[in-house]
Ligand code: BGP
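Take a look at this single chain in structure tokens; it is the form predicted alone.
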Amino acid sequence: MKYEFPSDFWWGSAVSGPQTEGVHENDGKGASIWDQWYQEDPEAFFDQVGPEETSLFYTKYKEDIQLMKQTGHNSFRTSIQWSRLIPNGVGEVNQKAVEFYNNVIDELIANDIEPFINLYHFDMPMALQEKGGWESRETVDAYVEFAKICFDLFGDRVKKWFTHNEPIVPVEGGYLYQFHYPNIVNMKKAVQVGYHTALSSARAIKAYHESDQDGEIGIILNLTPSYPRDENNPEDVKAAKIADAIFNRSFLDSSVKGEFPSDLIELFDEIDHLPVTEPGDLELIKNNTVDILGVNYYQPRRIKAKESDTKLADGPMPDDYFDYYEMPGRKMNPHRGWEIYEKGVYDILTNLRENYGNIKCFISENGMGVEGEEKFINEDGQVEDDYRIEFLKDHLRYIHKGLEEGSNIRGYHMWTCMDNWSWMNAYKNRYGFIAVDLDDNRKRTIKKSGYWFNELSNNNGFND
């Protein structure tokens, strides 16, 4: 069977500035929260590899873009590091950063690869974090100014903009579960951070639409379907709905429908956790929804009614309302500890089609992290990652099914292009189409999956 995709389908991959660029002498970059955290506690990072040692895209971008071309990219998402462009978060613009991002954008376009540019990928400038980060309304103002500067500098060539990547993650990691700086456990602050983030997105969208621009602006959300243990058990269904409201619909509804879920508002009201707002905020969010939605999908969320009496914190936490459920017989990626459930991507597309106006969307991340890929290097020095090719095929079949049923999906971006630094996990799990040799000046080598992806892109599909 031939799985055929539209001739204008976006094939490519996604990275982020903080995970690929590195920190270089005299580059003018300011400190982000990741630079700060690594300085404070390098042992928190796998093999103590910090953000200054990422894949050096800052100096190798021309080589990398040629490799993208060889691996079938017609589009590519990265982010502009706020702390690189505006070292203190506000004020002076770093001209070396302007030159770098101009060069990257121009090089992509010269190679027929459309740049998709994201504005915020977990990299708060430390100077703003010291003033409260997303807890502070001032940060919203600073972010909108940063966005406007980016639109002015690069919008003549960049026609696909995204306000945030996975905005729920800094909420979870920074204010609930301690895997992002500042590692606070406080749900009331988490709600305020989430609210300010949603507001900042709407305000950036408003600024873009009011500027003299002719592209599209959206947001990238990690939509993790919440499946109840037993669909016939009302308590399991209720628990899954609460998890879905907190982790998915919080940003999905505000971004696409322009309103927050009523059940989420009720939940926060009951525990006196409603955020501080200002007059006009909700109207602004209502009137400035996304043009396009990026969907990051890695794994499902399995939920059951609350059975354990374990408390993760003194105050309220999302986990007070549900327990996680390990489905018997589930398929696993043992390296990452994540379930592989390909149908999840189809369920997301169906939900967007039926409940969110069939918004224009694309898969903005999907990938398989594998530890110890050197085990799969053949005598020619190539990683034979057949498991990644199978992972791709298995998800693309379900994406194709969504397409056939009328889903408004326009593309597929893999995480990621070249193996890159992944926050606290550093280089523990490799995701790329292109291998990066940490022991040989970050030497690049295309993996088997990269050549397969090139065929996929050239043929706009694959045969089964």
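Keep in mind that what you see is a predicted model, and the values were worked out from it rather than measured. Residue numbers here begin at 1 and follow the sequence given.
This next part talks about the form predicted together with 6-O-phosphono-beta-D-galactopyranose, which is not shown.
Heavy atom within 4.5 Å of 6-O-phosphono-beta-D-galactopyranose in the model of the complex - the one residue of Y346, Y341, F260, F122 that qualifies
That would be F122.
Between Q81, T71, N165, T78, only one gets a heavy atom within 4.5 angstroms of 6-O-phosphono-beta-D-galactopyranose in the model of the complex; which residue is that?
When 6-O-phosphono-beta-D-galactopyranose is considered in the model of the complex, the option within 4.5 Å is N165.
Do Y298 and 6-O-phosphono-beta-D-galactopyranose share at least one heavy atom pair within 4.5 Å in the model of the complex?
Yes.
Any non-hydrogen atom of E365 within 4.5 angstroms of 6-O-phosphono-beta-D-galactopyranose in the model of the complex
Yes.
Should N454 be counted as a contact of 6-O-phosphono-beta-D-galactopyranose in the model of the complex, where contact means heavy atoms within 4.5 Å?
N454: no contact with 6-O-phosphono-beta-D-galactopyranose in the model of the complex.
Any of the heavy atoms of S407 lying within 4.5 Å of 6-O-phosphono-beta-D-galactopyranose in the model of the complex?
Result no; S407 lies far from 6-O-phosphono-beta-D-galactopyranose in the model of the complex.
Based on heavy atom distances of at most 4.5 Å to 6-O-phosphono-beta-D-galactopyranose in the model of the complex, which listed stretch, 423 to 431, 22 to 30, 38 to 46, 62 to 70, is the contact stretch?
Flagged stretch: 423 to 431.
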